[in-house]
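Consider the single chain below, provided in structure tokens and representing the form predicted alone.
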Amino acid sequence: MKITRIFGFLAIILFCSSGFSAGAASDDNEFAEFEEDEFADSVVVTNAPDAKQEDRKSVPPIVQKDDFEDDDFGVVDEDESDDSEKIKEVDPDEPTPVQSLKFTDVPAHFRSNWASYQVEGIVVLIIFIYLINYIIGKTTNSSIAHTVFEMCRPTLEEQFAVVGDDGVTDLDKLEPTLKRDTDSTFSAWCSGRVNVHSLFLQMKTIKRQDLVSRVLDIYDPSSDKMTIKVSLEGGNDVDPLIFAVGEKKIATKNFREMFDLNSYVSEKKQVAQQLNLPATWQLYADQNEVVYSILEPGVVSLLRKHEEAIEFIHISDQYTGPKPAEGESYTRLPEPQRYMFMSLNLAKLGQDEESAAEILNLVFYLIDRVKKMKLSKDAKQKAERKRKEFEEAFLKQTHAFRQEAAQARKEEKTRERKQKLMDEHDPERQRRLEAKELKKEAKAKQPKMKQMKVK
């Protein structure tokens, strides 16, 4: 019996030990099932690559979360909770539908689609045309100005010691040149002649370099101009005169704008007809004797010969420039100067060197003629009396303006004192200011009397 019990106890121990060994073996190889699955998947992948892609698509996306989430602080986002519920509801075994690829619309290359660049093409074309017009216009203006200057240069060098003075270069090294002020304006200074302080020759050509000006010139045509401005020498032996003659349109414009012409002269229609001046010209002068002294038969013949090229001639001993604009006036009579102007049309002058020389010689003849001209005693007294009357009228007018300005300043000061009296809050100070104001008004109303001391 004891032996039977002993064998039974050993059998139980052996059975328990075999059970523990089997459990340990199963615990040590708990990933064997997954390894078998992976092995099976690898076998399937090698045999069927399409199945691998379907399995990958069926796997739900892995959502990466930050280290710190709202759940850590007890905050739950409704959108996240809904998304998580949707993710949980997705069945991993259900196949995900394959989305079709979307191709972005890429514009065609500009070489095959020029219609998309019409605006840019027009802008580039306008810029190109503007640049070409600028180069051609600038070159044309310079060529015209230098051509005319070369036509006038021999005569100028005969009459003046210095031609083309720029005020910087030494006279020994100076060469007669034309100075370019702008792309359409050129000038030259000349000095060193009897009866002349200086001569300023200026050429104003059409703005050919500006495309907009060229377009506007179609509707309002203009031409190239040359102006000769001469500062004449004065003195007590020079008689007074104001004289102007030229084309009707230009002469009328200068008569309205120039201060001396608008103040002293009047139109001389009958004298112009007697002297046989061109029918399209107008004549202005302060006296008839001045006209007969200047417009000699030889001068009139040259004016008729070059009536298209010569636009306007103005000689004055009372030149002060254009008159003030409307609403403005001189507070003091400007100092007059002796000047001579001549305006020429370069288009009509052309490239005739002989015509240019004749016109310049006419200018120098008029300069010398004005210096030597002697008026009669009555004509000279009349001219001086007219200038004196104009000066007195101007002083009276400016005196009235000064009185009006003084009265306006006085009224402004009175308003300021009364406003100060009204703004005063201290009754005592206000009473003193009011008494002072009444005293001033009473004093102003009293008649002014001169006090004389009797010895």
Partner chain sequence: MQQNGDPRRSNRIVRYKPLDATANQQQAVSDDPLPEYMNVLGMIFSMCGLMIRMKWCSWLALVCSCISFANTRTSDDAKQIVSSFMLSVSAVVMSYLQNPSPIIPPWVTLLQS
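Note that this is a predicted model, so its numbers are computed, not measured. Numbering follows the first chain given and starts at 1.
Below: the form predicted in complex with the partner chain, not depicted.
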- Report the stretch among 248-256, 335-343, 291-299, 378-386 that approaches the partner chain in the predicted bound form to within 4.5 Å, counting heavy atoms only. 291-299
- Message: Since only the chain is shown here, I'm wondering whether residue 120 would be in contact with the partner chain in the predicted bound form (any heavy atom pair within 4.5 Å).
- Response: yes
- Message: Would you classify residue 191 as touching the partner chain in the predicted bound form, given a 4.5 Å non-hydrogen atom cut-off?
- Response: yes
- Query: residue 264 near the partner chain in the predicted bound form, any heavy atom under 4.5 Å?
  - Reply: no
- Query: Given that the partner is absent here, does residue 129 sit within 4.5 Å of the partner chain in the predicted bound form, heavy atoms only?
  - Reply: no
- From 325, 218, 279, 212: within 4.5 Å of the partner chain in the predicted bound form by heavy atoms is 212
- Partner-contacting position among 308, 150, 352, 158 - heavy atom within 4.5 Å of the partner chain in the predicted bound form: 158
- Query: What residues, if any, in 173-198 have a non-hydrogen atom within 4.5 angstroms of the partner chain in the predicted bound form?
  - Reply: 179, 180, 181, 182, 183, 189, 191, 192, 193, 194, 195, 197
